[in-house]
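Just so you know, structure 1 and structure 2 below are the same protein chain in two forms, each on its own as structure tokens.
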Structure 1
Amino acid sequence: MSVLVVVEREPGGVDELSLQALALARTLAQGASIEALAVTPPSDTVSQGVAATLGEHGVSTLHVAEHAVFGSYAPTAVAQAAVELAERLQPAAIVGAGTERGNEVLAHIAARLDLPLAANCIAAASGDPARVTRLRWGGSLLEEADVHGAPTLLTVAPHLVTAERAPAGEAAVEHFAPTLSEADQLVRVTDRAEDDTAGGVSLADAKVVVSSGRGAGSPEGFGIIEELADLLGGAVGCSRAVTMAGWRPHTDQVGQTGTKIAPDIYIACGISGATQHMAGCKGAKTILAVNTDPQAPILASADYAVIGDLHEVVPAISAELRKARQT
């Protein structure tokens, strides 16, 4: 038996969240082989570096599904390729990253196989049924659940499983052409609209994120947040309340229904720390909270706190940073 992991690629390599999914898959496999599935159009090639990276994370074989529809994101087509491969490999489990795409693809796989899907898992153990631990209620509690049916289907909660290496040599690469119907190819990305306001560091990838909530006071109040983020080479985030007010785009939202981040440092200014928001920043290595309320919920999770008005504290931090750079 084996465990099949649906991996997501990024330019020049493999997405970090897919590597995290591989780490959990290895614990589920208990020594069985780890197989990976990637999709690509026929005109593209999977670099040798991808196979080497996957091999370093325990993958024995990389199965590459080739079809023209994979020139863009096509979730039902990816799901069908995974189902077709699973029929041949008969894996004990199929695992995906807990990204928007990963959850969507695994949901389609579950529907096609008429099996349950456990999303946002942080631990798993094989068995009949399999036992998983997963996040519930925006990360406010952990649930232990039995997942019935074979193969076990699950996705891995972002940034809560360490992508540790487990060298197995370079993964062998096998190509196949999945049989896709017109219906399989119906849902796909046909165009992209670039956000003209976006620029700089991606929120999901930033090593430093500076966020604010309603405490900013207005859209213009984010000027000092943007200034600090720029000085630190980071990205600007915000709370759900801010996007609901129309002050910032949804792409800036940190939270369960926004972007889940894992920066080296997260500076949260004027954010109370609602459960939904904290679910999005659980992966942060260090949290600095700036808040006028010493009883704000976010302080329970913060490593450092400044009790004060962000409109005074943030400009003072920026001024000290500029001063330090001049010396």
Structure 2
Amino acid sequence: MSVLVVVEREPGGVDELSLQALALARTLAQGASIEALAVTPPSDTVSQGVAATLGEHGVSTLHVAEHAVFGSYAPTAVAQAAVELAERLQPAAIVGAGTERGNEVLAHIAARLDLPLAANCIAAASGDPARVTRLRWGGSLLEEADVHGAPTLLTVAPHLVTAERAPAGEAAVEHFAPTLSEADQLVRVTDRAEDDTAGGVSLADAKVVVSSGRGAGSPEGFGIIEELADLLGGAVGCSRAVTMAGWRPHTDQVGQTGTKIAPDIYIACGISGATQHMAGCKGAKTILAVNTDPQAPILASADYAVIGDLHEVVPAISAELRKARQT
């Protein structure tokens, strides 16, 4: 019995989240072989580096599905290739990364095999049924669940499982040409619209995020937030109360249904700390809250806090920063 992992590549290698998925797959495999699936158009080659990296993470064989449709992302085609490979390998489990695309492909596999799918797992133990721990509410809550039927289908929640090396030598590479119907190939990326508004620091990648919520009071209230973000070379964020009021665009929203951020410091001003907001900033190394209310829930997740009116505190921080830089 093997475990099959659908891996996602990035230019020059394997996506970090797929390596994390491999780590969880190994706990599920309990010594059985780890097989990987990658897809590619026939004109392309999967670099030697990919097989080497996968081998270092415990993969014994990399199966490369070749088809013209894989020139761009085609979720149902990837799923059908995985189903075809699984018919041959009869794996005990099929695992993907808990990325948007990993969840999508595994859901298509689950629909095709009429099996349950446990999305965003942080732990898994094989068995009949398999037992998993998975994220609910964007990570604000965990669920222990039994997954009935075989193979066990699951995705691995990003950044909660450590990608560890488990050298198994370089992975063997086997190519195959999956049989794909027209319907399998119907849904694929046919065009790319570049984002021309992007110029500044992107919220998802920023080292510093300064954000505000209802406490900003108005769209103009964000002037002092932008000023501090600029001084720190960071990005501006906000809560859903702000986007609902139309004060900022949704692209600025941090949270479960907004952007997930992972800065060195998150400065949250006039934000109460609703679980759905905090679900978006779990990746922040340090959280500083500025709030008038010493009882605000955010103080139970923040590392530091200043109790006070953001309209006075934030400009004072900017002024102090300028002063510190002059000396």
Partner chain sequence: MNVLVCVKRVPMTGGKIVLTADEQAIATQHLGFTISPHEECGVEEAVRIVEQHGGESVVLTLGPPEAEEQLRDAMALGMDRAIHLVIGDDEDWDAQATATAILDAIEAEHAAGVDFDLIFFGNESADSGGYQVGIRVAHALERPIATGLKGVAVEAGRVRCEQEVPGGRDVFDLPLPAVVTVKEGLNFPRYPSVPGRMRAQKKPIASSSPTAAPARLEKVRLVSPPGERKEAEILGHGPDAAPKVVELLQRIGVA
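Residue positions are counted from 1 along structure 1's sequence. If you superpose the two forms and keep the largest set of C-alpha atoms that fall within 1.5 Å, you have the rigid core. What you see is a predicted model; the values in this text were computed from it and never measured.
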Inset, instruction - Could you point me to the form predicted alone, 1 or 2? - result: 1
Inset, instruction - Using a superposition on the rigid core, decide whether the Cα position of Glu87 changes by 2 angstroms or more between structure 1 and structure 2. - result: no
Inset, instruction - State yes or no: after fitting on the rigid core, is the Cα displacement of Lys207 between structure 1 and structure 2 at least 2 Å? - result: yes
Legend entry - Residue shift check between structure 1 and structure 2, rigid core fit, Ala23 Cα at least 2 Å: no
Legend entry - Rigid-core-superposed Cα shift at Ala319 between structure 1 and structure 2, Å: 8.4
Legend entry - Distance moved by the Asn291 C-alpha between structure 1 and structure 2 (core-aligned, Å): 5.2
